[in-house]
Structure formats: C-alpha cells, structure tokens
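What follows is one chain in structure tokens, specifically the form predicted on its own.
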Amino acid sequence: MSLDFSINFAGKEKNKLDSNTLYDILIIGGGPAGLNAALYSKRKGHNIGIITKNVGGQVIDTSVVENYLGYSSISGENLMKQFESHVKELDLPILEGPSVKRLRLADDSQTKEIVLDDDSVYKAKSVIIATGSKPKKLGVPGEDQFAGNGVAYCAICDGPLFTGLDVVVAGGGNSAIEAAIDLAKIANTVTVVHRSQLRADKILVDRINQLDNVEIKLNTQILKVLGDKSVNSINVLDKSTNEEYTIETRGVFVEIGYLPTNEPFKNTVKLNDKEEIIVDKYGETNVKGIFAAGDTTDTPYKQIIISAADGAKCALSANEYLNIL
C-alpha cells in the first residue's frame, strides 16, 4: 500500500530547476528541515531550489503526530500538507525523484556541485543538506530475503496488507509502540518483541497495555526470520532464560530506529561514528558554505519540530555566509 502524496511546487516551466544557473542556495531534502529551510531562504530574497527524492520525508509515514505545537493531534500526511500549502506559495523550483550521487567542491573551492544519479550537475554558492534518515535493519538471516514478503519497515504504509493476520513488531521505542497500536486495530494479534526494556513514552505504554490483542515480550532477541514464499515465523531468544523458541507470524514490522542518509556526502563533510553529519551551533559543517539540518546531523534529538527549527537556523546561517562572500 502506498500513499498518494505528490506535491507540485514547480507548476510553471519558468520555475524548473536549471543546471545552468548558479543558485544562492540549493537544499537537498524535502522533509520538515528542507521545507523550512526553503521558506526562510526565500524570505531572505535568495535564488534557491530544492532537490529531493520525495517531498514529505518520513513524516508522511507517521500515523499520528501529537507533539507538534499548534496541533493536539494530526496525521503526518496532513501535517506535511500544511507545510506544503505554505511553501508552495513561494513559487520556487523543485526537482523531485532523482537521487544525489555526491556533493563536491568546484575548482574555485567556493561553488558547490550536486551530482545526481543521472550525472546531471546543479551548482550553488551554498548548500543545505536535509536528507533525513532511513530505517535500521535487524541484520538477521531471512530479513532481506523476505523484505516485501512479510518483512516491512512502515506500519502505516503496509499495515492494511496484514488485516486479520498475526504480526510482530520489533522494537521498544516510540515508533515501535505507535506501530503496534496502529496494527492492533486491523491485525488479529500483535506481538511486540524487544531485546531489552521499553523506551517508549509512558503515555504510549499505558495505551498499548490496554489493548487485549497485544502481547509484549521483553529481553527477547530476534535471531532469524523464517518462511517459504513469505514470512511464517521468527526464531527468538529469551535472554532471561537463554531459551530459543518460535513465534508464528505472517508479518514482521521492523521499528528499531533510523540511520542518517549521508552516503553521498561522506567524502565532502565530516561524519561522526554514527555516520551523522557533524555541525556547529549554526548548522554549518566543516566545509564553509555547506550546512546540514535535521535527522541527518549529530543534533541529539530527532523530532519534527527540531528538524524544522534546524532548517530555519541553516537558512539564516547560509544568508550570513552569502552576505560576506
């Protein structure tokens, strides 16, 4: 199941991203950080553009957002539509779809060049990286084999495919418990498997404990995903008793966190041991004129509102950088 969530920023041919233009600021990424960076950059009067794999980022896969100021409860998709309705008024160019292959410095060392997977190149005086992150994998046998055939990484996207079936959610943080709560509405049973203790917010733990068709197995590690043409069970280890046993399931939803998507930038800017881009208090990387915002950075808390704020900070910092060029 996929969400129909297309955003048309460009609209007019005159606003098509131009490979012959030297932009003031190019933003890589179309989630909260990237869109807010675009808003602030455009308001400063800069010639800007956005390059993104898809507009909306991870937020569109979030069923309910209850911690964004101004909205007591809103779906991730609808929150991004609110961002869209604001940003699309800017009438700025966006290139949606291609992947960024690498970011490099031109011979003059000031111009930044963004190379896409089709080898096209777009140039800017400054760049804001806001590429977010991707789901972590369990790293166990059978996971890759059954990806798309019982193993999934987005409950809101793929959950309806498992209506009436028994499913497992791997993880113990907010995303895992939120996924389990959503799946409990349509699945026959939901088993939450986590290798240690729950780390989710108390309000979520209280909510899931009220559901009759959810079972939580803590100190339990998934060892293997099993099946024939699709998943039919998982092999787990009870770490308290050192006992291995099997849980029958038709689906495994992996919700154990995310990894920053920084592969195209690792040879240009410094990363930490978590592969996050290292930024200073202004959002600037170790390379002058290259900034980074949101989940892709070493900012300690990965939240929608923090990502949006990071985007604004980077835009203001980029403005200061451009003013002294």
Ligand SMILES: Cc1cc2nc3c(=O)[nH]c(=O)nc-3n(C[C@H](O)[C@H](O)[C@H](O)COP(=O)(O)OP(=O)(O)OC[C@H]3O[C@@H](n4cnc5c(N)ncnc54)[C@H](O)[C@@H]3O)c2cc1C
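Since the model is a prediction, treat every value here as computed from it, not as a measurement. Residue numbers run from 1 along the displayed sequence.
What comes next is about the form predicted in complex with the ligand, which does not appear here.
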item	value
Selected contact from 266, 288, 43, 53, since only one has a non-hydrogen atom within 4.5 angstroms of the ligand in the predicted bound form	53
Contacting member of 78, 99, 213, 120, with respect to the ligand in the predicted bound form [4.5 Å, heavy atom]	99
4.5 Å heavy atom contact, residue 64 to the ligand in the predicted bound form	yes
Residue 16 within 4.5 Å of the ligand in the predicted bound form, heavy atoms	no
Heavy atom of residue 277 within 4.5 Å of the ligand in the predicted bound form	no
Contact test in the predicted bound form: residue 126 vs the ligand, heavy atoms, 4.5 Å	no
Interface segment, criterion being heavy atoms within 4.5 Å of the ligand in the predicted bound form, picked from 205 to 213, 174 to 182, 191 to 199, 243 to 251	174 to 182
Contacts with the ligand in the predicted bound form - residues in 284 to 305 whose heavy atoms fall within 4.5 Å	293, 294, 295, 302, 303, 304, 305
